[in-house]
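Consider the single chain below, provided in structure tokens and representing the form predicted alone.
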Amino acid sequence: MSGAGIGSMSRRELLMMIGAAAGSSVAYRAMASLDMVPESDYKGPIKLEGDPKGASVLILGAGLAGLVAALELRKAGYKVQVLEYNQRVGGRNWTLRGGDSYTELGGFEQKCEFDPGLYLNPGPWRLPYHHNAILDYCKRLGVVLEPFNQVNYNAYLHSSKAFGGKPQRYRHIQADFNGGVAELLAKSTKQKKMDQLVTKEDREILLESLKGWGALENDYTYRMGLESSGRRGYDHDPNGGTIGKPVPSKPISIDEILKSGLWRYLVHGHIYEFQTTLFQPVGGMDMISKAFAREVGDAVRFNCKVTAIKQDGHKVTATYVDAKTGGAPTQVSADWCLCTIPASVLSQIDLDVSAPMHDAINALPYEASIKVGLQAKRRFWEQDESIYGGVTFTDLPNNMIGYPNTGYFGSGKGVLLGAYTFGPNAYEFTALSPQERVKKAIEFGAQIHPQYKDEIENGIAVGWHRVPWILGCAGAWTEEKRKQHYDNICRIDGRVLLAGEHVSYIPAWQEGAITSSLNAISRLHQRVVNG
């Protein structure tokens, strides 16, 4: 690509391009404005020192927040009971395997038909390297982790409105976008249009850095050649013997990339939470909750649908019924209550707390989201297209395709994440029957991988806003709502306090649930030991 193909652009457009290419800081500010910067201040195992004086704690919910609390409180000498709606621990820490069944609101029941050894994580599916609390618990509980690939340079970026609907390799778009931006900046620098921003001495350093970053030629252009092909790949790779000479590939012009909108997806690998290295538990995300169950599973009472939480100056009493059969209400009491029930459900429970706490719970909406898992007869993405893990992004309603990050080079079947989408697309998907959702995911995916039509043999779809025990994917705080309600949702309200990802600045992440729980039980312990 030569500079002749680059049209004029405004400063705003240039800044948008730079922001997408060097996206970490731009994305960080955007996420911070939404209170979604996923940082964790976890420093190591909690120390609850002092005598709890025989105090008892009732924990509502056996997700990770509840399991962490049960583990640490019992270790500190508290009497612990846990009530859980489901027949398993983990909450959104959930893995679906062949033979599992699941019934959503409205009565749709799905049975997972995956072959043995294959699975879908309908909830969390990755662990960032800086989420120190959950990584530490994995280490302490013996949960084996393996790498999770977020960015795969050989996966696709796809727009149904660009390039004739043909998907483009991630490496092509990234290399050509970076090269185009580097060429623009280099030309502006050489023409002294940036003298107000950089000194004369720095100008030469900047030019040299742009040349290296963008794979520019000696004349500071980004064009077809060995430099650009060293980033985007070749039409014929370097080889041995008489066929060893590489054949360069032709870059896509910067104006085509800008018009396609595919540059928007390049930010993902720069965002703090998605930076290398990420991890996943070997065998499924629920290996984490199963490890907790080995430690505190005996304290959990299953199939408990909580209908009321009452307190007085001496104790907290929860009323529950059997989640499957209903029947006569049962009550259980303790000195204190740690409630990890999602606010979307808690707002419908008869709860004896102050008005500010009620207002905080009622003010928090939850995101809509859906995941669709698809079992393929063979790992065609690897065998046909050399895609090993990572994510393909698309503007179609399925939003993304996730490739399994385990079992590479296997000769058998595999499970793709055929859709992972939020908001209106999630509502539209779940307006369909589960069978139709799978059919739609196949229809959309086939526009990227034509093999879908012959290779996909079954699937399962989980729409989180139709999951009875959460009614959404995660708490959706806004900056305004945090200012008004966050302190109140964190407070110890009489003898009740809350924990979970919704009581954190890391919503939708397991790290938020764990650190929220640790903070809550630390404050509770101080209240208990100080009398």
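The shown structure was predicted, so the numbers you read here are calculated from the model rather than taken from an experiment. One rule holds for the numbers: they count along the sequence shown, beginning at 1.
As for the form predicted together with a small molecule, it is not shown, yet the points below apply to it.
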Within 4.5 Å of the small molecule in the model of the complex, heavy atom basis, the matching stretch of 103 to 111, 125 to 133, 448 to 456, 325 to 333 is 125 to 133
Do Ile349 and the small molecule come within 4.5 Å of each other in the model of the complex, heavy atoms counted? yes
Check your understanding: With a 4.5 Å heavy atom cut-off, would you call Val345 a contact of the small molecule in the model of the complex?
Key -> yes
Quiz prompt | Gly418, heavy atom within 4.5 angstroms of the small molecule in the model of the complex | solution = no
Evaluate Gly179 for contact with the small molecule in the model of the complex, applying a 4.5 angstroms cut-off between non-hydrogen atoms, and reply yes or no. no
From Asn93, Ser228, Thr430, Thr394: within 4.5 Å of the small molecule in the model of the complex by heavy atoms is Asn93
The one residue among Ile387, Cys304, Val300, Leu364 placing a heavy atom within 4.5 Å of the small molecule in the model of the complex is Cys304
